[in-house]
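Just the one chain here, laid out as C-alpha cells, in the form predicted on its own.
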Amino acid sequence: MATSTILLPGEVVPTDQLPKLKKGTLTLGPGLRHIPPSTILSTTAGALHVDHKKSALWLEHSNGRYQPAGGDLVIAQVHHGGAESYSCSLTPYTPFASLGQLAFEGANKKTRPQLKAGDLVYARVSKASKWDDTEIECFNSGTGKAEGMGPLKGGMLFQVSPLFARRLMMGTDKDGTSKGGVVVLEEVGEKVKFEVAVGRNGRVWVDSGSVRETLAVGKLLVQADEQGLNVEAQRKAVKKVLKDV
C-alpha cells in the first residue's frame, strides 16, 4: 500500500492507480464515489491510498476530519436514547449516528444493553450516505456475532487523528513489522497488560485496570501522533515512560 497521488474534489481517479482485480469487487473508502459504469471520482481533497491485496482505495483528507464509510470500525458515544434507537456521536459538531436498540449480539427487548448518555460502544458503520443518517451496529449482521464489538466499560478514551487511527488498525505483516509504522501498543504490551479498541473516527479506548498505566498508554499514542514520531522514536518514548510506571 502506498500514497499514489493527491486529488482535488471532482477529479477522476487515474485507471493506472486502481487495484488490478482478479476476482471479487473493488472496495471504495472515504472520499471516493463510483459513477457508473466505471468512473471513480474524489468527493474531497486528499491523498489517494491503495491496498492492492484487499482491492481497496480511499482518500486521506488533508483537514483530518473523519467521514463515515460503510464497514468502518468506530468508537461512538451515546448522546441520548429513543424508543427504538440511540443517537450517538462519532465526532464533535457532526450529525449523530443511529444505533438500533437491538443492534447487538443476541439482543431482544429483555436482554438488550441498557445504555445511558456518555456510554461508549465499539461499533461498525452499517450505512453511510450524504443524504441519510449514518447507521452503526454492534454485531456482524452476517454472522450475528459481536466479534469484539459492544459496550466499552471502564477505561479511558483518547483522541488521535483519523490518519493515525487508520495506521494503528493496519496491523503487522508476516514478519511482524507494523504496516502503519506504529509500534507503541506492541512495545507497551511487552511490559503492561491492557485492552484497546481503535476507532477509525480517531478515538482510542484503553483499559489496563490501572489509571496510571492506562494514562501512560494513551498519552504515548497521542504523543506519537502529534509529534509524528518514527518507529525508533516511539520505542525510546515507550522505554522512558515505562520506567516510571
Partner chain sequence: MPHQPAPSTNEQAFLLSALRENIRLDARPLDAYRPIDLSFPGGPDEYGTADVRIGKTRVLAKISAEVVAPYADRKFEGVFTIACELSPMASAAWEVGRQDQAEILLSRLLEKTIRRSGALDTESLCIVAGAKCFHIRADIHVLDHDGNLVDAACLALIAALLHFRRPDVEIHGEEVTVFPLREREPVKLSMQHQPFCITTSYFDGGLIMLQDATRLEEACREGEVVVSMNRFGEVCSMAKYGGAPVDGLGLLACTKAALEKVKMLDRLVRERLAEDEKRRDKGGLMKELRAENER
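Since the model is a prediction, treat every value here as computed from it, not as a measurement. Residue numbers count along the first chain shown, from 1.
There is another form of the same protein, the form predicted together with the partner chain; it is not shown, and what comes next is about it.
S.K.: Only one of T111, T172, T94, T143 has a non-hydrogen atom within 4.5 angstroms of the partner chain in the predicted bound form; which is it?
M.R.: So the residue touching the partner chain in the predicted bound form, by this definition, is T94.
S.K.: Of these, A128, L115, L157, L102, which has a heavy atom no more than 4.5 Å from the partner chain in the predicted bound form?
M.R.: Going through each option in turn, the one that passes is L157.
S.K.: So, D119 and the partner chain: in the predicted bound form, are they within 4.5 Å at any heavy atom pair?
M.R.: Taking the distances in the predicted bound form, the answer for D119 is yes, it comes within 4.5 Å of the partner chain.
S.K.: I'd like to know if A69 sits close to the partner chain in the predicted bound form, meaning any non-hydrogen atom pair within 4.5 angstroms.
M.R.: So A69 does not count as contacting the partner chain.
S.K.: Within a 4.5 Å heavy atom cut-off, is H80 in contact with the partner chain in the predicted bound form?
M.R.: Contact check for H80: no, nothing within 4.5 Å of the partner chain in the predicted bound form.
S.K.: Does any part of A165 reach within 4.5 Å of the partner chain in the predicted bound form? Heavy atoms only, please.
M.R.: Judged by the heavy-atom cut-off of 4.5 Å, A165 is well away from the partner chain in the predicted bound form.
S.K.: Tell me the stretch among 135 to 143, 119 to 127, 80 to 88, 103 to 111 that has any heavy atom within 4.5 angstroms of the partner chain in the predicted bound form.
M.R.: Going through the listed ranges, the match is 119 to 127.
S.K.: Considering only 180 to 205, what residues come within 4.5 Å of the partner chain in the predicted bound form, judged by heavy atoms?
M.R.: Read in sequence order, the lone residue that approaches the partner chain (within 4.5 Å, in the predicted bound form) is W205.
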